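Taking the form predicted on its own, here's one chain by itself in structure tokens.
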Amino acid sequence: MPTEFAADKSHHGFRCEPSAHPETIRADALVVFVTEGTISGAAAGVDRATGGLLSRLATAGEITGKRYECVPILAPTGVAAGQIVVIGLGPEGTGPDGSTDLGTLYRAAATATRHLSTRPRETVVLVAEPSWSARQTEQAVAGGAMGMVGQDLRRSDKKRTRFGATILAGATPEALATGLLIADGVNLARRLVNSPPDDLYPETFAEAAAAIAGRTGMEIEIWDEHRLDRERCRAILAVGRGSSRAPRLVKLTYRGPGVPAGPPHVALVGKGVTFDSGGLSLKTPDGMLTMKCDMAGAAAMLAAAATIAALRLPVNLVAVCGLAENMTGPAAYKLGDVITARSGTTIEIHNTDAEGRVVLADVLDVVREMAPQRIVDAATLTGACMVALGHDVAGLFTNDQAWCDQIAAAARAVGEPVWQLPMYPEFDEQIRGDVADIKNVGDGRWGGAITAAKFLERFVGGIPWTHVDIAGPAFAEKPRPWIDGGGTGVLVRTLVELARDGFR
């Protein structure tokens, strides 16, 4: 397992070339981008080379430029490529500066490569607009490298085939390199989530993290079940008791070049339940089918830390992942059990399927002792967040509005939808226990995402903290134009964007 994660190969064969005349590049396909209602920029050059073909198709309504519209034109005259693929960007001016926003460019480029990767291609050219900023080009590169990668890790006949060569016409070497590293991070998180749970469990996740740390220069510390016991991490151990595979805690440390030693600027905390049966509060078969994705928070934090380290960003961070399987073995923790978490807080178990917050109780206490300036955690924590926000939007919960605003701004900058939900003190009453200090679910089903966040808040020790519930966007149950079903790599691009701004 670890060798699969030692280095990503999705960017092999990528290169950039000047874009003065992309229509002259010999390729299987030439990809151009158009905004709604216009044929301009690089697309206008291709239009002229083909004798106005794109304009005629636009007049006929065959090309509209609507967001993620994909129009292949086979065997066009006037260009050296075997086909032109026109990708819509939607209305012009959706970005904060009046240009196309980063999320749209990421998904549009991914739509193009996903469409073309259904069969072998020797060379594909994606044309970057001269007007694009470096960040826009980076996101287009990242999307292009992501879109040709599917979830078919164990299929003998792959649905996706990576191109022999991918040329980014008009991209600078710097934007290409950065975009590919971002794609590596997203694809790493996707591979982790898509891995079968019999392959990826706490021990093998930790081994994969060690391989990734080795290639990115991060320090790593792995706590096995004996160290967890010595560290009083009884909450993680309780959740993992029903499995034959023991829990792990992984701690990764990165200090950027030229950054003085000191407390971490940020702690990235990830829920890593590598399979969630629900425990004795057993899920239905349908509800259990995709529960290999319950470690998507840990996957996102590992991948984000690896990307930040690969980019050599000038920040100090620690990433800590709590890893366990929630199973129904003879030693499984039970409803009515009282667990003493590492912090000394006692937790009464009312539902063994509310296990993620129990795992994170110990992880957050480990992080609290490290005195980071800020904490952000990511977890596929509650179905209630999906009831509130749907499949595509992550929920934000915080004890510090300025920190939450920074995360929200980074997410929106790269096109990952988030929405903040309230943390009113009245919700604390719902998790107050009768037998123990707190219980692991609220009173009834209402407001379940908020009571889960209020539970986590008990363990951060007043450090500025934001919780991101990614239960909806972490896993796509059906494909989209830009991505196959399965793991999405959500939050990786947000955290990289946040780190590039220096966690200010």
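Every value quoted in this text rests on a predicted model; they were computed, and no experiment measured them. Quick note: we count residues from 1 along the sequence shown, nothing fancier.
One more form of this protein, predicted in complex with a small molecule, exists but is not displayed; see below.
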Heavy atom contact within 4.5 Å of the small molecule in the predicted bound form, the stretch among 378-386, 111-119, 301-309, 202-210: 378-386
Leu105, Val149 and Asp484 all contacting the small molecule in the predicted bound form, non-hydrogen atom within 4.5 Å: no
- request: Classify Val31 as contacting or not contacting the small molecule in the predicted bound form by the rule of any non-hydrogen atom within 4.5 angstroms, answering yes or no.
  value: no
- prompt: Just to confirm, Ala43 within 4.5 Å of the small molecule in the predicted bound form by heavy atoms?
  reply: no
message: Against the small molecule in the predicted bound form, would Ser343 count as a contact residue? Criterion: heavy atoms within 4.5 Å.
response: no
- prompt: Does Ala471 reach the small molecule in the predicted bound form, with heavy atoms at most 4.5 Å apart?
  reply: yes
task: Could you check which residue among Glu325, Asp362, Glu416, Glu355 gets a heavy atom within 4.5 Å of the small molecule in the predicted bound form?
output: Glu355
- prompt: Only one of Ala177, Leu280, Val71, Met291 has a non-hydrogen atom within 4.5 angstroms of the small molecule in the predicted bound form; which is it?
  reply: Met291
